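One chain follows as structure tokens, the form predicted alone.
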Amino acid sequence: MANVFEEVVKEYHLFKNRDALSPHYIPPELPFREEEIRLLSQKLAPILSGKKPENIFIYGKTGTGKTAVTKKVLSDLNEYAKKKNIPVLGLYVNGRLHDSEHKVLLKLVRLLDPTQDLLGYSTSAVYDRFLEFLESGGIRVVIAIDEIDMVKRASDLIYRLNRSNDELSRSSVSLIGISNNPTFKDRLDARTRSTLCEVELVFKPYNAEQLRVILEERAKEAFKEGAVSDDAISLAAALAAKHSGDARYALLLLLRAGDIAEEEGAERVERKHVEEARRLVEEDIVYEMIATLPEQHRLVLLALSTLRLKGKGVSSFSGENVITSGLLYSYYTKIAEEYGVSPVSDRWFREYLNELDTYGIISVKVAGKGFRGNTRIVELNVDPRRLLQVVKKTL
């Protein structure tokens, strides 16, 4: 019998380096982000002369280059410090993967010393080891926490890292917080906000022409010569420009289009392949975004999808079964308590609904006839069954 992998593993005839279209790939050059790189570098430069830089918070929608720019600057910082023999280190932590104060501190200790195994140690013990390592080497660190809003009790982590400077004499700790949510800082407690002394950088979305240039550069790395048409690149750029200027979306479109063309045995990636890829990418991105939303947002969506699947609601003037914000809030508080999470106030709940509406996951509108005052109706814009699976898997 022939080896089964002879059929499923085939040599790419269009791709040269498929990974160049991955969202995790950091290219040597970052077009249209030169100013952001310059500003971030300037803010961090004092650390190279023994001073503590200000904390920095970076905001911007998904796919605006926040992570790529931060990683590029930290990499250059580390390279320069090593060449000049300066005890400075830039560390990067993904808050989605390390989503608690304890996990972030464990990751930081491992980055500083990979031989350390502190599993089972308390958060305070891990923190003390972290400070001991810094102080023993006189190391000044810049810690970038990506998707910092995904870290549970982020206020406690930020406060602890910021106040660590009071316990250090030879070292210092500076923080870069990266978030898609510009209101993230407002959710920190007053104690933490008062200690931040931060600078804010906002990354604007790319426009269609910028996205086209970015795709052209990546396509040269990803595809063999002549394997992708100009029309395909232009369409992917135009679609991504409408999708909030999201470069990640553009890259995924071209990647999926390439996969479709490969499967078809096409001679090159054409416009039609991008059009076919659009549905797959939009669905993937929506559910991936849902999986990475803050816990409270996911609990709201869990409550909404459960109500929808159970057919529960309030009868409207037209006889339609609808879910009001009041009913949803009541069910959300019940779900939150079941998961051992304190439900937020009605005011914050309304804010979460507005954010989910902005993302396009739900639609919120005033009820109208048959309802009292400004009652709002909440509609779900995605498949409730798949939503339920995604949310339950992540909670």
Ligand SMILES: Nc1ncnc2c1ncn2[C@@H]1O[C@H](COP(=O)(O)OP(=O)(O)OP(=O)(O)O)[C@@H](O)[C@H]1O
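Just count from 1 along the sequence shown to find any residue number. Computed from a predicted structure; not experimentally measured.
Not pictured, yet referred to below: the form predicted together with the ligand.
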message: Is the ligand in the predicted bound form close enough to 49, 90 and 174 that every residue in that trio has a heavy atom within 4.5 angstroms of it?
response: no
- prompt: Do residue 228 and the ligand share at least one heavy atom pair within 4.5 Å in the predicted bound form?
  reply: no
message: If we define contact as a non-hydrogen atom of the residue within 4.5 angstroms of the partner, is residue 53 a contact of the ligand in the predicted bound form?
response: no
- request: Tell me, yes or no, whether residue 104 is in contact with the ligand in the predicted bound form, where a contact means a heavy atom of each within 4.5 Å.
  value: no
In the predicted bound form, residue 68 touching the ligand (heavy atom, 4.5 Å): yes
- request: Could you tell me which of 39 to 47, 58 to 66, 328 to 336, 352 to 360 sits within 4.5 Å of the ligand in the predicted bound form, going by non-hydrogen atoms?
  value: 58 to 66
task: Just give me the single entry in 256, 140, 248, 308 that has a non-hydrogen atom within 4.5 angstroms of the ligand in the predicted bound form.
output: 248
Selected contact from 164, 100, 180, 296, since only one has a non-hydrogen atom within 4.5 angstroms of the ligand in the predicted bound form: 180
query: What are the residues of 25 to 51, in order along the chain, with a heavy atom within 4.5 Å of the ligand in the predicted bound form?
result: 25, 27, 29, 30, 31, 33
